[in-house]
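Presented as structure tokens, the chain that follows is alone, the form predicted on its own.
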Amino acid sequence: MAFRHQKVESRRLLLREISQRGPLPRIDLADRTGISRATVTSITAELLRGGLIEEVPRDSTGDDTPRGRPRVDLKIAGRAHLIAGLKVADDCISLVLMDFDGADVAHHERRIEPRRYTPEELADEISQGLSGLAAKAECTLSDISGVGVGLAGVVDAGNGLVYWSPSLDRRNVPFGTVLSQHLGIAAYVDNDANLVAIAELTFGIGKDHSDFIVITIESGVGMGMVLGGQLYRGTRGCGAEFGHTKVHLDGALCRCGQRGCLEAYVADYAVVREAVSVGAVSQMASTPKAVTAVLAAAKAGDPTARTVIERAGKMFALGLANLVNIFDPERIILAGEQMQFDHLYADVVIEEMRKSIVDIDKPAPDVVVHRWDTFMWARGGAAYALEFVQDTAVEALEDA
């Protein structure tokens, strides 16, 4: 039993290394993983027979090795599995289909009503979105090996449990189980900001950093944190809830039900709510249009609108400073569609943050902006699900 477990672990380790670093030769796999060359040869032969990896000719440019048997590298076999990722937003579901090698196969977006759903209703909306995604790739739902799902809210990813989400009409929902049963395929649920952090670590500007924080600002404020190259979730699976850290005692009401949360001052709904309360915008305007109107009025010099925006900036700077003082990350990435609005990363906000962090004779962490489309969240979901699909595929080789 111990030997079989060790064998599965070796397969998993080699498959992960090929996925992250490939294409690469067997000798490099042995050097990188510490697994003997003989064992690498044996296990990669099993992965080849199982169709999980494939041999490709090595690029011979600048290769001064003697002639003889052609040199080959190993890479993931993209055709082996299809993996989906998606993000549930207020009014749409963004979906991406990837192959086993992480290449995009298809994209799809499904509009939904901006309301709270029962778990079964939301599972049905996701199912229809996935069916539309599969149709674009000329396959069926049953051809997808797994799906990673991002939701706003507080999520215990390890158990697929959603403690609270603005997309659901109740708390403590085992949504991973609900969705897996509804779809008939494995579903893996996580906080949407965590999936952005995974996407930045896998595909984005966090790839070369072992410690960084991603802040997302849209209808809410999310955070994903990578420490030592690993996503941090906390002991209860709901750590890094930056938007629900407290910045004002008994302050403004947050949509989570508590008061004084950072999100209650800087999220788009909070900016609009405050602007409406002081007559800066019409209560009838949609949230995106209202945010745009408030920002335009502030830039035009309207004192009321400027007060609303400046307060949001000061609260955000305070929150960022707290993060730096606690975690001292290499980099803070401000990510998302809302980065088209610069009021939360203006020079005055970043300078306010720097004034509030511990003063030492070293520069403050980089604060960088990464603008991307809605599908970045979904790519993070697919990358999250990919690890589970890899593990399942490796374990299935035991019976092959």
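A residue's number is simply how far along the shown sequence it sits, counting from 1. Between two forms, the rigid core is the largest collection of C-alphas that superpose within 1.5 Å. Remember, predicted model here, so these are calculated numbers, not experimental data.
Heads up, the form predicted together with another copy of the chain isn't pictured, but that's what we're talking about next.
Heavy atoms within 4.5 Å of another copy of the chain in the model of the complex belong, among the stretches 320 to 328, 197 to 205, 287 to 295, 74 to 82, to residues of 320 to 328.
Within this chain, residue 87 is remote from the site of another copy of the chain in the model of the complex, having no heavy atom within 4.5 Å. By the criterion of a heavy atom within 4.5 Å, residue 141 is excluded from the residues contacting another copy of the chain in the model of the complex. In the model of the complex, another copy of the chain sits within 4.5 Å of a heavy atom belonging to residue 245. In the model of the complex, none of the heavy atoms of residue 45 sits within 4.5 Å of a heavy atom of another copy of the chain.
Though another copy of the chain is absent from this view, in the model of the complex it lies within 4.5 Å of a heavy atom of just one residue from 115, 171, 136, 299, which is 171. Shown without its partner, this chain lists 107, 233, 110, 255 as candidates; in the model of the complex, only 233 has a non-hydrogen atom within 4.5 angstroms of another copy of the chain. Taken together, the three residues 132, 218 and 345 all stay farther than 4.5 Å from another copy of the chain in the model of the complex, as judged by their closest heavy atom. Taking another copy of the chain as positioned in the model of the complex, the residues of 191 to 229 that bring a heavy atom within 4.5 Å of it are, in sequence order, 211, 223, 225, 227.
After superposition on the rigid core, the Cα atom of residue 120 is displaced by less than 2 Å between this form and the one not shown. For residue 46, the Cα coordinates differ by under 2 angstroms between this form and the one not shown after the core has been superposed. Comparing the forms between this form and the one not shown on their rigid core, the Cα displacement of residue 160 stays under 2 Å.
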